[in-house]
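Starting off, we have a lone chain in the form predicted alone, written out as structure tokens.
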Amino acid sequence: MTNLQFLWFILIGVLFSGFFFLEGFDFGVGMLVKSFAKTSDERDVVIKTIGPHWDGNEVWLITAGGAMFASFPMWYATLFSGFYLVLFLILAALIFRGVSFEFRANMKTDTWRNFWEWAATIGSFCAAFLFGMLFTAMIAGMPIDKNGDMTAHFGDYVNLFSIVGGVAVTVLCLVHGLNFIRLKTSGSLRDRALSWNKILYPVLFAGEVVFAILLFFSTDFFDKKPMTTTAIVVALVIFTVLAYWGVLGNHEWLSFIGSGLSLISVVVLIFNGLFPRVMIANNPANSLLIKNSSNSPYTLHLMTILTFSILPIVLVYFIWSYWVFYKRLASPKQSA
């Protein structure tokens, strides 16, 4: 394995970490449109909290997929073909959710506004749940042959471990979204988000315990990397505890950073367990490795130069966009 191969494996992990940190609260807020907001005016405010950002946050996913395609074409081919149906459903959920925000704003009748509000809620839930299911099924090992072709069945995708993983990621996104609403609103919506998180965090703790137990029995992570896997699982719990402490003490930034780092810990856990593989096969001899799944050294070298030339400009613009829209939104009763 070369330094460039290792670098691009890490960079793809960073891109997925950024996606789940940023799009995680988008998914959470989207799931809350119908259940959390009680009136049409409140739903307007909830949607406005992510209005300037949700489409930009999804660019992290597109970039991660593009980086995987360019740097590890074998990984991209096996993952995207083997999980084709799951990824198709994720794409449909993202499209349905994305257009819902625009269509809802232009609907003249309550019936159609209600339809697109449900579209935002269901689309956000399905995207978060399916992402959790996909990555959980992937690390459990899949039926991959020596050519890198995956011939999986329904039980390989949908099983107890993948369902628990999907639920865990969904709840993480939900509490992250509530923490973001606390940061972006004032008044009754902010207070309600605090109350909801006081209920949801104990549920999340239970989910993390079940996930850790199934991770032990369903993957080889604890066998191959006992120290780092244990450390990351402990870090995940610590970040969740910090976020819950922030909820109980009404420390908004602590809660938000804690829930965001919890999502990043899940990505770090996956990439730590994968290394030096990129796809885990039921037959270890057929697992795809970093060293034989990457593009040519010249391509990786050129990509590295371009990436580190453009990345600072993109990050500056991204941070600036959040700074422009940093102000809180008042709950409807306060703005009346």
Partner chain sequence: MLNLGLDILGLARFQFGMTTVFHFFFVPFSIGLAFVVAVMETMYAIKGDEDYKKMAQFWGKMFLYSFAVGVVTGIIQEFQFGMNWSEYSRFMGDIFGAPLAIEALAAFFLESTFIGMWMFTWDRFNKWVHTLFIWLVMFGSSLSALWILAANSFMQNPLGYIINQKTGHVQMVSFGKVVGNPQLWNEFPHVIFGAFVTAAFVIAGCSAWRLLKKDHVGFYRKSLNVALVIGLIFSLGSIASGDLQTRYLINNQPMKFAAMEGLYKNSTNKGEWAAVSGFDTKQHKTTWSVDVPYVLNLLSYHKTTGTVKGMNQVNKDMHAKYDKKFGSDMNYYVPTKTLFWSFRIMAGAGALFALLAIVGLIFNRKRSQLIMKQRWFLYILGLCLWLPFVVNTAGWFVTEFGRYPWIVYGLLTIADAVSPNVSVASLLTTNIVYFAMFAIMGLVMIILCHRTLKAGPDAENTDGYSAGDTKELDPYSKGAFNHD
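Positions refer to the first chain, counted from 1. None of the values given here were measured: they were computed from a predicted structure.
If you look for the form predicted in complex with the partner chain, you will not find it shown, but the lines that follow are about it.
- Checking 267, 47, 281, 289 against the partner chain in the predicted bound form, a heavy atom within 4.5 Å turns up for just one residue: 47.
- Of the residues 257, 94, 167, 210, just one reaches the partner chain in the predicted bound form with a heavy atom at 4.5 Å or closer; this is 94.
- Stretch-level contact check against the partner chain in the predicted bound form with heavy atoms at 4.5 Å: of 224-232, 171-179, 194-202, 150-158, the positive one is 150-158.
- In the predicted bound form, the partner chain stays beyond 4.5 Å of every heavy atom belonging to residue 239.
- In the predicted bound form, residue 107 approaches the partner chain with a heavy atom inside 4.5 Å.
- Taking the partner from the other structure, the partner chain in the predicted bound form has no heavy atom within 4.5 Å of any heavy atom of residue 125.
- Within this chain, residue 249 is remote from the site of the partner chain in the predicted bound form, having no heavy atom within 4.5 Å.
- Three-residue candidate spot 33, 130 and 141; no residue lies within 4.5 angstroms of the partner chain in the predicted bound form by any non-hydrogen atom.
- Although the partner chain is not shown here, in the predicted bound form the stretch 37-57 places heavy atoms of 41, 44, 47, 48, 51, 52, 54, 55, 56 within 4.5 Å of it, in sequence order.
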